[in-house]
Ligand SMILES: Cc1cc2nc3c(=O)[nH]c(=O)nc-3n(C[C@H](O)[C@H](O)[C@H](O)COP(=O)(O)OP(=O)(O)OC[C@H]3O[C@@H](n4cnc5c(N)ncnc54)[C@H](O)[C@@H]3O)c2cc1C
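Before any questions on how it binds or moves, here is one chain, the form predicted alone, in structure tokens.
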């Protein structure tokens, strides 16, 4: 059983690490300063400039098919790269991506929405979550009624990532209540902001924030239906389940960087005449963090490997997401404790991570939903204990 990376995987990971170290990390102090002033760490133009610079390194469209100018990397390699971006708290991600369900667009829609999104000329958001439909995604209420050749959308979406910046939204709406959400009663629409929807910023404990999207008699032409009528919920589940292993991949980078800071601090900070790293209480926090970090790493890489093997990744991805999200919360909490009062200040990024990583246990499926999936798979016989070794 060989756990080593291939030469190609190591080279790509190291190049990504080099880019993050040289181009992104130097921006951290300025990003922290802006955030203390309640401004974005990087604005949209600065992020685009960074992404174009990364494109010169060859990093563009990690998961995007080659026919659209992307790298179409295997899942394991994408996981390794996401770990590297996690090392910096600057809100940077490599460009050239589009929501996976946009690939269900027809030729005209691809020219108008997909290609400009991949090129970074347009910004999209995916809108399925509603005030009463978070973990219970099938409980959506936003309606779309036919009016001639158009559809009229009414309702609200909430906690929408990129909703404040997007110039178009992919909206899942109820088009036939009698069929129900799971029975083909929903449809996905491509809705330009200029068609009339508005976004409202939602303040959160983290930096930045999601949006509430309000649709009040928003008229959408039939040509803007994404996929087929009645296919909306199905497409939405494809979007949600696409990359659950990517969240713990990012968490690994955060935990690695934070733990490294704790080790450096423990080796230099002195109290009562000796370095705090000589205290058993500190040593145990560092040891526990390393063990949990390594366990999360292999759960995450195995989930990515499952994707590359063409196997059903839901069980392994749920385990990776559940454990990885809790791991990074535990590690950052210990790192803050090791730093004491300094860790609690905004002079260091630790308190920022503390707020940021708490979200990982909620979005893209809460801890409770992951536990439900894992236990259900076992109880119903969909998988076996240690099934991947059977």
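Given the structure is predicted, the values throughout are model-derived calculations rather than measurements. Residue numbers count along the first chain shown, from 1.
We do not show the form predicted together with the named molecule, though everything after this point is about it.
Proximity to the named molecule in the predicted complex, defined as a heavy atom within 4.5 Å, singles out one entry of 105, 282, 160, 75, which is 160. Only one of 254, 144, 128, 191 comes within 4.5 Å of the named molecule in the predicted complex through a heavy atom, and that residue is 128. When the named molecule is considered in the predicted complex, residue 366 lines it closely, a heavy atom lying within 4.5 Å. Under a 4.5 angstroms non-hydrogen atom cutoff, the named molecule in the predicted complex has residue 372 among its neighbouring residues. A residue is said to contact a partner when one of its heavy atoms sits within 4.5 Å of a partner heavy atom; residue 135 meets this definition for the named molecule in the predicted complex. Of the heavy atoms in residue 210, some are within 4.5 Å of the named molecule in the predicted complex. Only one of 174-182, 120-128, 292-300, 316-324 places residue heavy atoms within 4.5 angstroms of the named molecule in the predicted complex, namely 120-128. Applying a 4.5 Å heavy atom cutoff to the named molecule in the predicted complex picks out 359 as the lone residue from 347-361.
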